[in-house]
Ligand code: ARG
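Single chain ahead, by itself, as structure tokens, in the form predicted on its own.
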Amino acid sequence: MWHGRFKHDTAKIVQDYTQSLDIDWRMYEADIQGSIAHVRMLAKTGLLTHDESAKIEAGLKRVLAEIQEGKFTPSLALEDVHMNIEARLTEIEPLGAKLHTARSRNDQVATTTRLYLRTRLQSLSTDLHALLQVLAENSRRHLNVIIPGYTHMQQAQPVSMGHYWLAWHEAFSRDNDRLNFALASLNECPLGAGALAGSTLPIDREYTSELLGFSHPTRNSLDTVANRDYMMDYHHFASTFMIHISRLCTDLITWNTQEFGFIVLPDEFCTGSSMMPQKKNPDVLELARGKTGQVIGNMIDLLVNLKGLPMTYNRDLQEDKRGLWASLDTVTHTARIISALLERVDVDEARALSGFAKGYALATDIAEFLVMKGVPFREAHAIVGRLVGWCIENGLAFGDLTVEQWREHVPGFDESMLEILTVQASVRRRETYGGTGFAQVERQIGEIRG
């Protein structure tokens, strides 16, 4: 395409090194979509006749059909998806030589990438909504199931399992907001910015933007071909989403162990051992956790690529999509498989309740009972802390204590306190907004459904 300036063909070793077909061929449909809009604009502004425009558009649609039917094999010598499509178009219809009027590969690739990414993110949004629906349904299904809540991986207080699922619903809802922001950030049309300075030809960028479903054209031609912020916005979403996935996986992996045992993973999402017959390994969860580093690495790859680039386009930016595609594929597959797994996760409620046998998780309830009797919280905290220490030294659980022992260790004790010393009562009574109380969780589920 630049033989007018060069005396010699590009060396084969250079062609192999600089080609991007392995990266951008997947965007062929978006590239043709952008070209059809461009050729219609050229006809609207009089740069092509309507007859010429119609013939070029028909040729583009034929190229699309050939690709979809597997009849068109692209050539590495033509470097990328854009030149392969244009070359084939021109073979079919010689008027295809006019297609690139008022267009550079710089604004073309920026447009094609946004169109392709928009489609993928819209599909990913559907997957994320499906995950949110599974979490909401799990919350309803496990509303009255009680499990230990943890801080520092130490048993802290009893919580509703429904409340636990809603915690992840909150996290992934924020991810959904980040995904929507990434979609909004790419919602402007680069086509018409040219190589970097716009065009002397009378093009209509607003018309092209409208045809392609963007809200408006990009506002600065220099920024247009340099900008990869919308990719960074996607990577931010993807990395945060995968970190949430990874943390969720760690909980489920831990709670599925023999030592905890109150999460039951579906057999069809686990594997066994080639040597140890008893094993049931949480491979899907472990792989999702392992893939998180790749997604974060893809974000870092783009950030490092961009950090020293001058305005405007530099060939370094050809590499902006390699990690992007890998991340998109990983995040999409992960969202789908985790949704499917969570639909089948169950809870062994009896095993979860067995973890409360000593009753120490109710220590805060006792302290708050004393607060309601007028005892300052710090003093109540110390009283109950000493009681826990004494019970541990003497090998006793709260349930083993006699009324006399309660009175001895807890000033102000009366027998009404015994009524609150069950995990069911502990959860039920936590009715502050956003708390784990059953009624609160039910209210949150209702809000989500609304």
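Note that the coordinates shown come from a computational prediction; the quantities given were computed from them, not determined experimentally. A residue's number is simply how far along the shown sequence it sits, counting from 1.
Form predicted in complex with the ligand: not shown, discussed below.
With the partner omitted here, the stretch from 204-212, 265-273, 355-363, 309-317 that lies within 4.5 Å of the ligand by heavy atoms in the predicted complex is 309-317. Although the partner is absent here, H163 sits far enough away that none of its heavy atoms falls within 4.5 Å of the ligand in the predicted complex. A residue is said to contact a partner when one of its heavy atoms sits within 4.5 Å of a partner heavy atom; L285 fails this definition for the ligand in the predicted complex, lying far away. At a distance threshold of 4.5 angstroms between non-hydrogen atoms, N106 is in contact with the ligand in the predicted complex. A residue is said to contact a partner when one of its heavy atoms sits within 4.5 Å of a partner heavy atom; H235 fails this definition for the ligand in the predicted complex, lying far away.
Shown without its partner, this chain lists E79, E368, D301, D127 as candidates; in the predicted complex, only E79 has a non-hydrogen atom within 4.5 angstroms of the ligand. Along 320-339, one residue reaches a heavy atom to within 4.5 Å of the ligand in the predicted complex: K321.
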